[in-house]
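Quick setup: one chain, the form predicted alone, written in structure tokens, and binding and motion questions come after.
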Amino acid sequence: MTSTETRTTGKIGDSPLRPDGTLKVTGEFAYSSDLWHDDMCWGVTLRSPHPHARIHGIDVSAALALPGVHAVLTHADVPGLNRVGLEHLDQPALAEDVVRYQGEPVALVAADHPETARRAAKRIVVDYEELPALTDPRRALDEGVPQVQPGGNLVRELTIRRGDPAPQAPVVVALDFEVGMQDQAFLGPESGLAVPDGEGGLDLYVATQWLHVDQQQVCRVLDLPPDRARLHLAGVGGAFGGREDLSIHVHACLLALHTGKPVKMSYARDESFFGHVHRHPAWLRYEFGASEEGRLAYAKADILFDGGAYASSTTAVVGNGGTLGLGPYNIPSVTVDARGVYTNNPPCGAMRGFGCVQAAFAHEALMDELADRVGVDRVEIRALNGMRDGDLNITGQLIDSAAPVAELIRTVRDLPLPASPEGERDIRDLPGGASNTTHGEGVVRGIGYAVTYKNVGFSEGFDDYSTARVRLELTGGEPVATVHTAAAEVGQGLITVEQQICRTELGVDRVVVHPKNTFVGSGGSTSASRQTYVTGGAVKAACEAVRAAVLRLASARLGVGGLRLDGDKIVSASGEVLASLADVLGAEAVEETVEWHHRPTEEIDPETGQGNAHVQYAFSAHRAVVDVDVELGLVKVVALDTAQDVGKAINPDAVVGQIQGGSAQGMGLALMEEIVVTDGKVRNPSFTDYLIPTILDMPPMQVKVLEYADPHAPYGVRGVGEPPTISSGPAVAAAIRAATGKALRRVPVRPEHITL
């Protein structure tokens, strides 16, 4: 990725044009799949066709004999530790004696043409002995089932106990809920280019979310120090959590070092479904006890996540699903048991909403049931029980900034509703659309609500930080700021935010965003809705350090103290303009690097689950309006309105864009998105059979942005990207229940769930 510069003005609170926006909509932006190098080879991965099998041998001779093939590699060719993993080093870079899921990488091929590489991969002969596969996570902890990992099938178990250990209430409601496996479905498949330097090291250009953790894993497998394996962010075509784990990284590097040639790898769409983790399927059992007026007295939850064959970030997903799994409600007594288990299903890990999405479907469905049972309006029961500033959440952590649950849910309720249909309707506005399945007969309208919350940043004692380097100097007689972070721009607009902060803090118009790479300290992961908070905090702190250095320089040159920077002017304490920023800088360049940490979190108590687990919370609410053809089971989402507290909208247009995109993914899970896995095998690895919402599926959205500043965060910001994914889906599901009168305890909701 080249340096990004813009002269477009825009400080904090403005909505400047994105410097990459025009390139993307005109098709001129260079994504990782566009990478090219003279004399490069193409890399291909051979993957297991079995969910569980023992490998007795691998014969690569026929593949090596094919003209144009430069290398065929197996685990025996790994020079370092053949293990990768975000939280547990439990996954081989290339399978050794056992494969644990369909699609596990077994061998690599490098050839001078991609078709040659694919043909060679088909010539590799692997002697498999199929083994019994564990594919039902509900049996993972039973006696006598296959053990997926040597240490057993339990990844993590979390327990939360608070309040009365044996609570009772006059009104009790309960349900079981199931959430299917969702894919991140980013449009740019995994791809990258590894370029050897001729001295035993290399440069890897790759689409990713976390350059430095990728680098650590690559170095471990290659047995190289960090300065010999340099990573650069290539153009990213979406991520949503699916690029936190490695994909082509190690494989391309192994082939490049072995051949001495640049190696490009780029997955086709079907391989992409096997090349990254997915959202955890979940099975949830919930019980609420309440007063006859509907005030919650206690809540119980048992949550099971299917982690698949390798841990990835299952440990943290269990942490989120457990500690946040009862929603943004004030509950005196709590019993939560959350588990993540290994199976021989595809590995699951990070996806937008990270454990909270699955739980929200259950707790919001149960809130509706409670409201109906006690005869309270579904909006008002949420307002009655909603958290407020000063409450304690279920881990006993003080909510020490705004928690406007009641305001959010009432705000969406009070937004104008779409007009009730009258007369003959355009079939494109009906369920089934242009397929002409109905002209309005059998169509029933329903309205549903949901309110949820999500932690921002990493939790449970993780030392979450980011690094920023800011340089200020004259270029062509004009002050120019250059900001360098390793924080990945994956489409969310971080580069614009970095520029806005520099303009605000340094009073310059021209801001260059340095290419993202590992030549500066870690920016952390572009996940957990954390980058504007954490990397924004680092850029702000680095700019403040640069500004202080500039003022010291000005004081020395002008012989005056008490100076401040006002725009691009040096101003005295009395407000007199003494010099321009350009005059003070002259031939000097001022550069500062800052590693910025947010306030610490802590590990929760292993027995009670109590503790200050999270650094910040973000709240959102949705109202969905749907038309349902109750005879055919088809659904048309008519409106999907939302309100969200963002603390401070750094870039208001980008905030709304994030809310719209997150809402689309939540709606997709409620209605259509599911990786179908039967006996450990994926049945629909394509966008023909894995459906995602298109522009024709998305309804109009009314978006209300609240700005209650978090006093502990830079500029008062709150993370934005994940909350809309959490509350949108449950609102859609609630609206379908309202239209059909059916319980609908599984998502995605399929036509047969409505009609049968």
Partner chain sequence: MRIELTVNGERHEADDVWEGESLLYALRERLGLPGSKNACEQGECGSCTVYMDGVPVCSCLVAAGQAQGRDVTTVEGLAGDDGLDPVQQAFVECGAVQCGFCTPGFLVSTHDLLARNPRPSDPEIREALAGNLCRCTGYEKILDAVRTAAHS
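Residue numbers count along the first chain shown, from 1. So that the term is clear: the rigid core is the largest set of C-alpha atoms that superpose within 1.5 Å between two forms. The structure presented is a predicted model; accordingly, all values stated were derived computationally and were not measured.
Not on display, but discussed next: the form predicted in complex with its partner chain.
**Student:** I need to confirm a contact call. Of 673, 306, 645, 245, which residue comes within 4.5 Å of its partner chain in the predicted complex, counting heavy atoms only?
**Tutor:** Checked against the cut-off, the match is 673.
**Student:** From the list 393, 665, 91, 313, which entry has a heavy atom within 4.5 Å of its partner chain in the predicted complex?
**Tutor:** Looking at the other structure, the residue within range turns out to be 665.
**Student:** Thinking of its partner chain in the predicted complex, which stretch from 44 to 52, 690 to 698, 706 to 714, 64 to 72 has heavy atoms inside 4.5 Å of it?
**Tutor:** Going by heavy atoms within 4.5 Å, the stretch is 690 to 698.
**Student:** Given that its partner chain is not shown alongside this chain, does residue 603 nevertheless sit within 4.5 Å of it in the predicted complex, heavy atom to heavy atom?
**Tutor:** Residue 603 lies outside the contact set for its partner chain.
**Student:** Report whether the minimum heavy atom distance between residue 358 and its partner chain in the predicted complex is within 4.5 Å.
**Tutor:** Residue-level check for residue 358: no, no contact with its partner chain.
**Student:** Is it the case that residue 330, even though its partner is missing from this view, gets within 4.5 Å of its partner chain in the predicted complex, heavy atoms only?
**Tutor:** Residue-level check for residue 330: no, no contact with its partner chain.
**Student:** Would residue 653 sit within 4.5 Å of its partner chain in the predicted complex, counting heavy atoms only?
**Tutor:** So residue 653 counts as contacting its partner chain.
**Student:** Could you tell me if all three of 27, 182 and 661 have a heavy atom no more than 4.5 Å from its partner chain in the predicted complex?
**Tutor:** Every listed residue reaches its partner chain in the predicted complex, so yes.
**Student:** Using the arrangement in the predicted complex, list in sequence order the residues of 31 to 69 with any heavy atom within 4.5 angstroms of its partner chain.
**Tutor:** The stretch 31 to 69, when checked against its partner chain in the predicted complex, contributes 31, 33, 34, 36, 40, 42 at the 4.5 Å heavy-atom cut-off.
**Student:** Cα of residue 23 displaced 2 Å or more between this form and the one not shown, core superposed?
**Tutor:** Passes the 2 Å threshold, so yes.
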